[in-house]
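First comes one chain, alone, set out as structure tokens in the form predicted on its own.
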């Protein structure tokens, strides 16, 4: 919900609103300024009003923390990060001595000091920017109001996007002031899957991805750490598992994983880890061959062996100490059970328990769910589990759609929660999917019942790593992931009011340039194939 605005700020907003209403009869839509120009904030805020003034921002912009959470170290760190993004390293030295700046401090008021980052945490915020001592201005400078530190961090991102460098005056400016913005996300789960099994990604690259996610207000990194190709994560309970890594130099220690989780939390991003069972697990057997049904049947994992579930339990127990997020992904997709039937001891186990291979697949998924739930995790599974045995899934299950459209309506009709990742629009490794299709992907498509709509947690774009590594992963993710990020954050009516080829395209060009300025290798927007370099000279604002 939007933050509670204190009395002094509320009075300022009332006065500003009176002045604005006198200047124009009708407020412009949220996607346009008072002058009718596009709002170059990505993703679009829920509500925004603007004016026609240009304000200068002091290179020595000071943080003025207020409220129980305003003095949080996370807020102070975020302020310093954003100040470093907004101002050039030489800005302080070039500051006009004795000069007057319209915005000299940023007041950040946070109602709660609780630093818990969980699904559904309040990310709402309000921003007011006006000239100190200006007409109808009671609140001089800039103010961010939020209920939580994570709302404040989202507000800092928006404030940073209001700040533009003027190359003629060498000042940072806020144009179209005064600004009043009220904002909150449309969905609580706005994810990006990152696959580090198909290609190892160094920790610093993962941190770059996390930084870039925060710029687009994505809030869940789905870390697909392990798959059939490699097992790069250290598991203290079963130390031979990471013998399944590509090499000793392509691994993540427990400390690496903890560092990634901490880094993400400071940016308001949860990390949802995944182990994909019982399929996609061939790499496990490099360290413990007994996990394979046989040397000729290396996946799915051996359903007949107690050792298999002991290892899964050990992995989950160790990972619970690293990943505090309440959701854990257990995979469950693309399980080809044929070799269970032709492996003698597994076949014997199936006969003893009067099971088909389909029954054994269900048994495996449900047992893995039980192990995760005992550790106070909510299990997330790919949609094949729902398609195969929906009536047996634990009621806590979150179903992750990927195969195509029309799945979430069936999922929520049965009372389960759903995450949308329709591969036709939100699989980033599909390089021929244009940004327009990504932008048009709608998690609530086909769901008209309001109660059922609430069961859709949101969505996730997926960066599968078969053809992406350190050399090209960022430009494969961006800028198309930004299209989905706005779909998941901004009000549906605001998104629907825009023309794709005029308003949205110019704003997406602008955001792609912003990413490039911040050191994120975002590819041209309009290339036929994603992540390709420019086809010739030109501005990033038109490519």
Partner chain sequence: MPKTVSHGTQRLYVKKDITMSMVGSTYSDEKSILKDAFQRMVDLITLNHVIDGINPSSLVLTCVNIVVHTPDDELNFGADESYNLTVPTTGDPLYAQIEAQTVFGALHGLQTFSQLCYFGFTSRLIELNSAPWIITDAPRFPYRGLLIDTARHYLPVKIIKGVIDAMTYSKLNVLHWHIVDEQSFPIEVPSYPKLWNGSYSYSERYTMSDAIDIVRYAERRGVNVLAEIDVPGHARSWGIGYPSLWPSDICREPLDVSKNFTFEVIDGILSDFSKVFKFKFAHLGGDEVNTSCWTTTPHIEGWLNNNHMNVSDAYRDFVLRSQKIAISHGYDIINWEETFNNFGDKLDRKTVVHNWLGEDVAPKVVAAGLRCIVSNQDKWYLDHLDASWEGFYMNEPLKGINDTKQQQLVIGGEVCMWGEEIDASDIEQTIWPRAAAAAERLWTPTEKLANDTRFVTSRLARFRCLLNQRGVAAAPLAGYGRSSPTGPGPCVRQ
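As the structure is a prediction and not an experimental result, all values here were calculated from the model. Numbering follows the first chain given and starts at 1.
Below: the form predicted together with its partner chain, not depicted.
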query	finding
Non-hydrogen atom within 4.5 angstroms of its partner chain in the predicted bound form for each of 59, 211 and 266	no
Among the candidates 436, 442, 318, 472, the residue which, in the predicted bound form, approaches its partner chain to within 4.5 Å (heavy atoms)	472
Proximity to its partner chain in the predicted bound form, single hit among 449, 467, 348, 80 (heavy atom within 4.5 Å)	467
Contact test in the predicted bound form: residue 294 vs its partner chain, heavy atoms, 4.5 Å	no
Residue 512, heavy atom within 4.5 angstroms of its partner chain in the predicted bound form	yes
Contact test in the predicted bound form: residue 361 vs its partner chain, heavy atoms, 4.5 Å	no
Contact test in the predicted bound form: residue 205 vs its partner chain, heavy atoms, 4.5 Å	yes
Interface segment, criterion being heavy atoms within 4.5 Å of its partner chain in the predicted bound form, picked from 279 to 287, 348 to 356, 415 to 423, 244 to 252	244 to 252
Sequence-ordered residues of 523 to 541 touching its partner chain in the predicted bound form, heavy atom within 4.5 Å	523, 524, 531, 533, 534, 535, 536, 537, 538, 539, 540, 541
